[in-house]
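Coming up is one lone chain in structure tokens, specifically the form predicted alone.
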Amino acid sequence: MSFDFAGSAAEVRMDIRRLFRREWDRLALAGTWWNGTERGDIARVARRSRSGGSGAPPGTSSVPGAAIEAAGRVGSAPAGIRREWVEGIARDLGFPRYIEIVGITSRLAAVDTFHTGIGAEFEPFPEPEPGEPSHAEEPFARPGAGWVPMVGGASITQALSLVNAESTAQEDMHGPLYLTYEGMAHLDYVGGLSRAQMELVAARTSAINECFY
């Protein structure tokens, strides 16, 4: 079974194991704008870029060059992303395909960073499942201050709302690894770390990544 963390000295909560398995299931399936093979290749590029590699791994050619560039940049060097670069990628891919890349690579970063933090080997990528992207449109998304079209104002919780499936997956990961959206309202929360300690880590990480939120 995937994510059993055999041999790891750390005790991994069951809800986190289930979350990571759900994420691997999502990665293998066709998404909204990329199929399962393409989603897996995007993830491979992102992981490779964080390890110092560049471009697509050998044998990977299912996605265009702009998608490889986006996966590598979002996966390894988000602090260098600027509006002009996002708009250039969107001219080649379209905003929805770019948003799906952001969703895939950012959730992979969370999974892989967790493994690094506890000294575990990265989980092998799942085999892709057959199927075609749904191409589901989000009719209420509009351009705004967040560089990409969103539903509502520019906020972290709305960042991927142009592609609803990616926004839902982000929320799914948010709870076990941090707090549920509803739980964020409770400033006295304590769960291993106090809320103040959690926010200190989050603020420092955001500063390093130059997160404008």
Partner chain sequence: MLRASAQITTVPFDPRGITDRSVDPLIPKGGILLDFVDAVLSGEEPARQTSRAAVLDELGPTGLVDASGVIANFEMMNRIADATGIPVGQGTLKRTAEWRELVGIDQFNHL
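Since the structure is predicted, the reported quantities are computational estimates derived from the model, not experimental observations. Positions refer to the first chain, counted from 1. Only the largest set of C-alpha atoms that superpose within 1.5 Å between the two forms is called the rigid core.
If you look for the form predicted together with the partner chain, you will not find it shown, but the lines that follow are about it.
Comment: the partner chain is not present in this chain, but in the predicted complex one of Pro143, Pro124, Pro130, Gly117 has a heavy atom within 4.5 Å of it, namely Gly117. By the criterion of a heavy atom within 4.5 Å, Arg18 is excluded from the residues contacting the partner chain in the predicted complex.
At the 4.5 Å threshold, heavy atoms of Asp25 stay clear of the partner chain in the predicted complex, well away from it. The partner chain is not shown here, but in the predicted complex it comes within 4.5 Å of a heavy atom of Glu210. Under a 4.5 angstroms non-hydrogen atom cutoff, the partner chain in the predicted complex has Trp147 among its neighbouring residues. Three-residue candidate spot Ala30, Ser51 and Gly65; no residue lies within 4.5 angstroms of the partner chain in the predicted complex by any non-hydrogen atom.
In sequence order, Met184, Leu187, Asp188, Gly191, Gly192, Leu193, Arg195, Ala196, Gln197, Met198, Glu199, Leu200 are the residues of 182-200 having a heavy atom within 4.5 Å of the partner chain in the predicted complex; the partner itself is omitted from this view. In the core-superposed comparison between this form and the one not shown, the C-alpha atom of Met14 has shifted by less than 2 angstroms. Once you line up the core between this form and the one not shown, the Cα of Glu199 ends up 2 Å or more from where it was.
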